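Given as structure tokens, the chain that follows is alone and in the form predicted on its own.
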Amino acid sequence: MDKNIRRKKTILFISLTLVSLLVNLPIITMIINSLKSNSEILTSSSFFPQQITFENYQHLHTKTMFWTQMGNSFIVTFFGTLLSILIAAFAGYAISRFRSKFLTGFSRLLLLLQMFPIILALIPLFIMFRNLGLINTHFTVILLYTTLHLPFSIWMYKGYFDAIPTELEDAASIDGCTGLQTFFRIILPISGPGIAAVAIFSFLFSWNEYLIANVFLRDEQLMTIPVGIQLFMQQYGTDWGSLTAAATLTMLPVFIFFLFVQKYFIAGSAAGAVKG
């Protein structure tokens, strides 16, 4: 009996390992190619490098603005995520706890905004920000990222706040807490998974976003990583070595971040999925 169970577990482990390797094959290929020279990438049919080289990473470090653009990505991602967490928390709590025609209309409007493709608004937004002198600033990108995060973040918060018993707030009210004190002292401290889920969603969106950053950040020193990586792809050729090395390094912060907080993301998403 024990042998059968052990055999089934071994088969399951091998099957899952093979599936994981297959699903992540593009990422594995990218990492391996970053350790090849440009000529080997273009001419060799071998999957593994004939000679491991770090010249692509050295080229990124010494000849490009990769680290500056990486810093720009950290700036817009950090502030876009922080503002989304704070603003969406208030809005999500209001929609979850209070009932009025205004809030009902507002919550439905959020769903409509979520379905609106941002590309349709890019030209009017570009003209408006250009007239305000806000092109080529991180402030514009952070503002747009926050605006785009809010509809989905507010609904994630709402789903999580709906799961918190109102009896906790009634008890806090009896003890003399005001509504604002109850929110900060009772609701927010026990909303960790919901806050983490919103933070992860906002972080991933801001870190990977390309279209807005490409339109509003025209100076190479101000570009974020997704736009900067595109510079390795020119009209008449592509620097595949630098491109794969940059993509590998860009992936690392997201991988590390998600590795530590993925359990909160699952918990927060599940809370939002069962309450509407």
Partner chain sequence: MGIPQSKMEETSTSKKFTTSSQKRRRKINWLPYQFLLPTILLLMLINFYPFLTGLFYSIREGSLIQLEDFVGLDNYIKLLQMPEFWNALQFSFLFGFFGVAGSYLIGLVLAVLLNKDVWGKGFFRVALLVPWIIPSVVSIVGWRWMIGDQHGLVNQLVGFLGMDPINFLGTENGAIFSVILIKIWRSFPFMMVTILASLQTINTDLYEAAKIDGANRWQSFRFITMPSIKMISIICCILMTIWCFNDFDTIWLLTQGGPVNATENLIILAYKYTFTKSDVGIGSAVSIFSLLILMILAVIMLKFQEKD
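Numbering follows the first chain given and starts at 1. Note that the coordinates shown come from a computational prediction; the quantities given were computed from them, not determined experimentally.
Although not depicted, the form predicted together with the partner chain is the subject of the following passage.
Taking non-hydrogen atoms only, A196 never approaches the partner chain to within 4.5 angstroms in the predicted bound form. Contact check for T147: a heavy atom falls within 4.5 Å of the partner chain in the predicted bound form. Taking non-hydrogen atoms only, V215 approaches the partner chain to within 4.5 angstroms in the predicted bound form. Although the partner is absent here, F183 lies within 4.5 Å of the partner chain in the predicted bound form, judged by heavy atoms.
For the three residues Q51, E55 and L188, a heavy atom within 4.5 Å of the partner chain turns up in the predicted bound form in no case. Though the partner chain is absent from this view, in the predicted bound form it lies within 4.5 Å of a heavy atom of just one residue from M70, L35, L222, I229, which is I229. In the predicted bound form, the residues of 8 to 27 lying within 4.5 Å of the partner chain by at least one heavy atom are, in order, K8, K9, T10, L12, F13, L16, T17, V19, S20, V23, N24, L25, P26, I27.
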